[in-house]
Every structure is written in structure tokens, then in C-alpha cells.
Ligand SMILES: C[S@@+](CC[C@H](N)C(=O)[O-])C[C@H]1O[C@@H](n2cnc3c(N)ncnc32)[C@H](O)[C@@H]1O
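A single chain comes next, written as C-alpha cells; it is the form predicted on its own.
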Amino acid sequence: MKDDMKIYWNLYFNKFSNDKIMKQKHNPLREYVAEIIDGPIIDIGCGQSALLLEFSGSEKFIYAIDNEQEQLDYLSKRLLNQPKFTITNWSFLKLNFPDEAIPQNIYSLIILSNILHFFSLQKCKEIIKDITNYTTSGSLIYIEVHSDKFYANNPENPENNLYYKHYFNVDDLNNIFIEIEFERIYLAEIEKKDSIEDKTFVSDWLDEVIRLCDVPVNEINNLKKNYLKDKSQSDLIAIFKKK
């Protein structure tokens, strides 16, 4: 993890309580809890997962997977503040997905939140094809990805897909999840502008980056202006059920 992102996630951990991030999170899984079949839950690329925090009192075995140990440490600390949390049915694994295989299991719920847009569409097809081997009839797969309306998407820019490798539309999701194998039970496109609270947090983060990383004075104003301009955050959220 780069130094600026280490600063970001440390500030995020210290500024936002569990209750805050769970209330802010658009979480349709709450509507489908009764449909989650027997079996463990896995969140791949979990970060400080607001989704997993809501399963803190679950009796299911839960795998929290991330390629950054710092994020796993933050999540485990957050869980210690959750009511009814028992660590005995949790596993925190530092794992570089998809190069390293996830634990061999048949999962009741697989969470892929804010991870697939870091791969090409073809690679995403391969990932979901592989993930299917870890599911059975009734298994749910939660997807959250940046849509093609996301502020950073500019197809005319030759460097458009250097960081986020793909921006999704609904047809992309339908092509990844083959209809004969999956039923889409939920779909939403979330569009929003950054709130004042969002901008304040980003401003505080930039101040920390500038202070600790010795950003040249002549670059500070441009840096803050770029990050704090109005941005259209746009994501697709979907839940698929294995047939």
C-alpha cells in the first residue's frame, strides 16, 4: 500500500465509527438475510468492510480476505467493538486475489465489493467462472463496481484504464453472470455528489499527505483543487443467486 493510502485508511479508521460507516453504506444484503443458505461467508478485498460488520454476531464462519495486512488489522479492531462478536468463527487472511486461491469451500455468500473494476472485463469473466466453483444452488454473490458514469471514466484519455481497468454497465454484469447459471435478484445504480463531510475528510487527508510526504508548495493548491472538485460518484450494486 502506498504511503498516501496508508494515511487515508488510518484517518478513515480513526474518524468514522462502525455505526457511521454501516449507516452510510447502501446495503441491500439486509433484505436477503433470510435467503442466505447454510455455509460460510467470504468477503474478498474486504478492507474495513461495513458489510462484514453487520455479520459480527453471525454464527456462520466468516472469511475476511485482503491483500493488505493493515486493512485486516483495522477490520479486526472494528469487530472487537461490535456487540455479540466472537472471534472463534472468523478468519482474517492476507491473500493476493486472484493470483492466490481463496480457501476451498462452498460459500453461502461471496462479497466482491469495489474489487472487480481493478481488472479487465475478460479477467472478470475468468474470476466469476472460477468463483462459481465455490458456490451451490442458492449461493449469493454480491457485486459493487464503478459504473461507466464514474467521474474518473474518460474513454478519450489514453490512460483511462491504467488504474481502474474497467467501468461497468448493466450489460457487462449480465455477460459475466451467465443466465443459465445465475439469477439476478437485485440491481441498483447509485449516483451521488460528494457531501460536505466527504470533502472535509478528503481535505484532512490531503493535509496529512502534504505534511508527511513533503509535497512541494507549488503543487499543493493544484492537488487540493483536483481532489476537492465536484465529482460524480457512480456505482453499480447487484446480487446474483446461483440457480
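Note that the structure is predicted; figures quoted are calculated from it, not measured. All residue numbers refer to positions in the sequence shown, first residue = 1.
Note that the form predicted in complex with the ligand isn't included here; everything after this is about it.
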query	finding
In the predicted complex, segment of 129 to 137, 81 to 89, 112 to 120, 169 to 177 with a heavy atom within 4.5 Å of the ligand	112 to 120
Position in contact with the ligand when the complex is considered in the predicted complex, options Glu54, Glu68, Glu208, Asp194, heavy atoms within 4.5 Å	Glu68
Non-hydrogen atom contact Gly45 with the ligand in the predicted complex at 4.5 angstroms	yes
In the predicted complex, Tyr74 touching the ligand (heavy atom, 4.5 Å)	no
Close approach of Leu95 to the ligand in the predicted complex, 4.5 Å, heavy atom	yes
Contact label in the predicted complex: Phe16 to the ligand, heavy atom within 4.5 Å	no
